[in-house]
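In structure tokens, one chain follows: the form predicted alone.
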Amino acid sequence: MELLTAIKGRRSIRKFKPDKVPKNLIREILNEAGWSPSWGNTQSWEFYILTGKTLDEFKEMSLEKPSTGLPPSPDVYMPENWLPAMKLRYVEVGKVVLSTLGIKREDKKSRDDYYRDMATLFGAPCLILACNSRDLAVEYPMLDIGIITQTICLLAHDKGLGTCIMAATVRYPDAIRKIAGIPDDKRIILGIALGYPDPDSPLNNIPRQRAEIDEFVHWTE
């Protein structure tokens, strides 16, 4: 697959087939992704792969925790405030997803059903958790995580797999550590749902939009 085709063709997958992803294929993707650039070649990333019974336990936890009223406490907090243009893009994605499913704003039950589907990774048979050390400063190691995450997603797309980068997967890190055996000195950054996309799902065919270049590029001469 040509690079530009991979970049434009990769999308967030919101419905996966139940087929398992072979372990050797996951290893191949992560081995190749290891060639991603990092600050000073520090390669500060670490990954924990959840499949099978471990992933089932994770999904059960993800469904159970919100119902207890326990507020999320992620290792990396999502920003509460966005600039207007950014917030508009974020809101529009939510609207498109719900309208594609035919869910009206006042239909709380259907919205909750969708969020439960999200909690179970849209049916993905694999979750890749990206972590780094708590001993590191946040900023540059976080850039490294972002770079290798993009590489993983492009490689997966090239091999016929799909991904969804999900902040929702890391809302309860203490519970995740117990399930996945992640040491306390590791910061859990994000999760990548991985699997074979369901090509017939409307959610995997929703239109996507990107800003025009003049909205985010500034020239100086």
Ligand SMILES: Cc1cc2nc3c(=O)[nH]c(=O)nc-3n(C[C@H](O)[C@H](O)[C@H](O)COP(=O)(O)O)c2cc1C
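Since the model is a prediction, treat every value here as computed from it, not as a measurement. Start at 1 with the first residue shown and count on from there.
There is also a form predicted in complex with this ligand; it is not shown, and the following applies to it.
A residue is said to contact a partner when one of its heavy atoms sits within 4.5 Å of a partner heavy atom; C164 meets this definition for this ligand in the model of the complex. In the model of the complex, this ligand lies farther than 4.5 Å from every heavy atom of K23. Looking at I182, you'd find every heavy atom of it more than 4.5 angstroms from this ligand in the model of the complex. Interface membership of L55, defined by any non-hydrogen atom within 4.5 Å of this ligand in the model of the complex, is ruled out. The candidate spot formed by K15, I49 and L129 lies out of contact with this ligand in the model of the complex, as no residue has a heavy atom within 4.5 Å of it.
This chain appears without its partner; in the model of the complex, the one residue of V93, L143, L136, A85 with a heavy atom within 4.5 Å of this ligand is V93. Across the options 30 to 38, 192 to 200, 165 to 173, 66 to 74, residues that bring heavy atoms within 4.5 Å of this ligand in the model of the complex belong to 165 to 173.
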